[in-house]
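Just one chain follows, in the form predicted on its own, and it is written as structure tokens.
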Amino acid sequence: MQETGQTPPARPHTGRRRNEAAHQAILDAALHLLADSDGTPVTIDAIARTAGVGKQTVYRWWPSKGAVLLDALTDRADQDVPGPDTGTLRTDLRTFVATTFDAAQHSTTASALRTVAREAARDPHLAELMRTFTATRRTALRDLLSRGRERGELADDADLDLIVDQVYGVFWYRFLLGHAPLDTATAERLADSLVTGNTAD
């Protein structure tokens, strides 16, 4: 029996954990549905059903299907390709490019990206999703390059946007056509060539 005046023990708060679990379940469901859709539109109803939540739970956090799919892609990219900051541009760039290449070969991610890239040509909503998603990845890489330039590891006039284009140009060309590997050796050679080619004289 509790003594008079004694503070009752705090009950474990599980609401936040349940919310976090539901939030992640929705993102995971959206990504898997996109990967398996083969061009069939992914609906809020399907996302909610796959995640095991009510439709209103989805709408609590996202205003539309596109917003859920964008967050699902971005969440997976943030998990798979964290922005390294070791203090050395060459190491950071090697790591970023290598993890980007590796992440794109995970079956669910690869299938989802191919679906969006393929269907964007005929679905304006997926085209906008693709533009927004790729813009977030470009920003992450550009920030990494900007830090290197501020440390003097790139020339002051180095064209950061062109370097970003070169990284993602190699990535998308090889990813979509499959004519050459997206492996660690390629990532390291690409990163090294970009750093070496853009250092100050």
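All residue numbers are counted from 1 along the displayed sequence. The shown structure was predicted, so the numbers you read here are calculated from the model rather than taken from an experiment. Basically, rigid core = biggest C-alpha set you can superpose within 1.5 Å across the two forms.
What comes next is about the form predicted in complex with a further copy of the same chain, which does not appear here.
Participant: Could you tell me which stretch in 51-59, 148-156, 166-174, 26-34 has residues with non-hydrogen atoms within 4.5 Å of a further copy of the same chain in the predicted bound form?
Facilitator: Selected range: 166-174.
Participant: Is Ala22 a contact residue for a further copy of the same chain in the predicted bound form, using a 4.5 Å heavy atom cut-off?
Facilitator: It does not: once a further copy of the same chain is placed as it appears in the predicted bound form, Ala22 has no heavy atom within 4.5 Å of it.
Participant: In the predicted bound form, does Asp92 come within 4.5 Å of a further copy of the same chain, counting heavy atoms only?
Facilitator: Asp92: no, not in contact with a further copy of the same chain in the predicted bound form.
Participant: Flag His106 as yes or no: does it have a non-hydrogen atom within 4.5 angstroms of any non-hydrogen atom of a further copy of the same chain in the predicted bound form?
Facilitator: No, His106 is distant from the partner.
Participant: Check His125 for me: does it contact a further copy of the same chain in the predicted bound form (non-hydrogen atoms, 4.5 angstroms)?
Facilitator: Outside the cut-off, so no.
Participant: Taking a further copy of the same chain in the predicted bound form, which residues along 113-139 bring a heavy atom to within 4.5 Å of it?
Facilitator: Stretch hits, in order: Arg118, Glu119, Ala121, Arg122, Arg131, Arg138.
Participant: Would you tell me if His125 moves between this form and the one not shown by 2 Å or more at its C-alpha, with the rigid core held superposed?
Facilitator: His125: C-alpha displaced by 2 Å or more between this form and the one not shown.
Participant: Do Trp172 and Ser64 move together or apart in the predicted bound form, judged by C-alpha distance changing 3 Å or more?
Facilitator: Relative to the displayed form, Trp172 and Ser64 draw closer in the predicted bound form - a change of at least 3 Å between their C-alphas.
Participant: Just to spell it out: taking the C-alpha atom of Thr139 and the C-alpha atom of Lys65, is that distance smaller or larger in the predicted bound form than in the structure shown here, given it changes by 3 Å or more?
Facilitator: Farther apart, which means the C-alphas of Thr139 and Lys65 are at least 3 Å more distant in the predicted bound form.
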